[in-house]
Ligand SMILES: Cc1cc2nc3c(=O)[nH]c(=O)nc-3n(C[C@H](O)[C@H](O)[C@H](O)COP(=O)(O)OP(=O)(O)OC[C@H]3O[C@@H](n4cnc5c(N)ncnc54)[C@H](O)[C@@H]3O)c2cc1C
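Just the one chain here, the form predicted alone, laid out as structure tokens.
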Amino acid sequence: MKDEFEFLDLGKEVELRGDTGLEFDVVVVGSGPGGGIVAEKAASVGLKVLVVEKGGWLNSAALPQNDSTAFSNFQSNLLLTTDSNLLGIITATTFGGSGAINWSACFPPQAYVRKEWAEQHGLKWIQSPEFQDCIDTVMKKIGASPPETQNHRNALLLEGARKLGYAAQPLHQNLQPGHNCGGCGWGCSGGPNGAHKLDPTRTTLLNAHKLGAKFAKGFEVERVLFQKDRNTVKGIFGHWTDPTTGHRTPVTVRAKRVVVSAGAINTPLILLRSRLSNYNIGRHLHLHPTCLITSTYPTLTHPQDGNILTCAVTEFENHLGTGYGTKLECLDMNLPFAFNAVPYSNPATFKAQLTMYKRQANHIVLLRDRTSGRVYPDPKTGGPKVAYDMSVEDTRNMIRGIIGLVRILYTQGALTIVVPICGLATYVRPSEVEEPASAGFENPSIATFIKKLEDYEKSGVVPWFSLGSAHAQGAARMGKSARDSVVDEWGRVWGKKGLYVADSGLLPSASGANPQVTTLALSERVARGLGNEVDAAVISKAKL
């Protein structure tokens, strides 16, 4: 595909117009799924739009990324962790945001989650045809459709669930027909037949470009600017980095509307640097902790073949009707993720384990966390810090999901299973002579292994987990009043005229599923609200 985007040279713009000479109707801070939706809508109603992105642009010539250069597309080069080091946090800093480097799973918000948000957070419209239309609209925009095939590890998950009577389902994908790429987590290169993932750079941002929107990359926004009344938006201030020289230029952009779409980790920091005082900013952060389970098999698993995530086991997602639990899914098999799951005891053993890569399959247990944390600025650097710990309830739910996944992997013939809990030895399957497969979970080795996990479940205490997160949510959440939220039902920041949020920070609590579609649908509603405001203003002006 011919690269369609041209990015402003803000150094030259400042030279020509002066530091305050740039002016737009709307500035969208962040180019991820939410930002793309709003930019497209704002441009479609005739507004002059600028989308600014802190990261760079992965154009076709730069793809596919390799396992080292790809790290630069993520916050802190994939080194962001919680204060307690409980979780490593993956969040995008690249043009297209999380949509450019996710695994294409399209999981609409589920009924029990929508019910919770309507009843507990006062968002009655979440359970309405209006919001369903937002969901349907964004699913169509991104070309979400059922998967054409299931690769080895996805098929393994589905078949194991079927044998055990566990609920499971295929997941829609935002992919062009014929897409068969296992590397979308590093940015989609289109695979051998040129079929691409339909991320924001090929859908909403591209549409916004065609409608006249402008773009700037390498622009890190420091704060939103306000009029003298401290409540009315007048623009943004930040620094633009020249991609050739590395020189940083201070830039002010004037605008009557600013939409912050920098993600649940960075949006709260921008709001706090803008001297907003709402107590909820940065709080109610949910992370969907995930536990990576790796297993090996007698035959080749073709780890990098096929689309990454095309199904989910939902058996454990709603424990005892509470709305909280886990989903079991597949993981990207790029080498850093794959080797991170291999336990280290000594060099020789570790090397031998690495040679099993072609027979390896990685899966995750994804937790809908009731626990919430907080993102706040590092007092020394100003970068993100995350305070977060898991509750006993969340720990027990995680262990239940792990036990379910272990049962599936064992049923499917796993030779080894690694659960990253300190002190828990790798499960190694005895020979068929020692323990016949026909005995199933009555075999002493697997029964003992599962019993250890069940003991952890009962106590709710685990010595040490190795966990990750790719789904930061909340921290700028939507609600019915400023007492318990940051924005209203249209994404408008409480008490501020012309300031909006449109990203995963809007989610009132954890979505319990890959949040791409939920984020898009909520941002679609924010975009519609902004469009309605513009239409109303035009009508009012016409009457005058």
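We number the residues from 1 along the sequence you see. Please read all numbers here as calculations on a predicted model, not as lab measurements.
The same protein has a further form, the form predicted in complex with the named molecule, not shown here; the description that follows concerns it.
> Considering 219, 410, 117, 449, which brings a non-hydrogen atom within 4.5 Å of the named molecule in the model of the complex?
The residue from 219, 410, 117, 449 that makes the contact is 219.
> Could you check which residue among 470, 181, 156, 418 gets a heavy atom within 4.5 Å of the named molecule in the model of the complex?
After the contact test, the surviving option is 470.
> In the model of the complex, which of the stretches 351-359, 207-215, 262-270, 394-402 has residues with heavy atoms within 4.5 Å of the named molecule?
It is the stretch 262-270.
> Indicate whether residue 491 is a 4.5 Å heavy atom neighbour of the named molecule in the model of the complex.
Because no heavy atom of residue 491 falls inside 4.5 Å of the named molecule in the model of the complex, the answer is no.
> Although the named molecule is absent from this view, report whether residue 35 comes within 4.5 Å of it in the model of the complex, heavy atoms only.
Residue-level check for residue 35: yes, a contact with the named molecule.
> Wondering, does residue 291 line up within 4.5 Å of the named molecule in the model of the complex on heavy atoms?
Heavy-atom contact with the named molecule at 4.5 Å: absent for residue 291.
> So, in the model of the complex, is residue 92 in contact with the named molecule at a 4.5 angstroms heavy atom limit?
Looking in the model of the complex, residue contacts with the named molecule include residue 92, since a heavy atom lies within 4.5 Å.
> For 315-330: residues with a non-hydrogen atom within 4.5 angstroms of the named molecule in the model of the complex?
Sequence-ordered list is empty.
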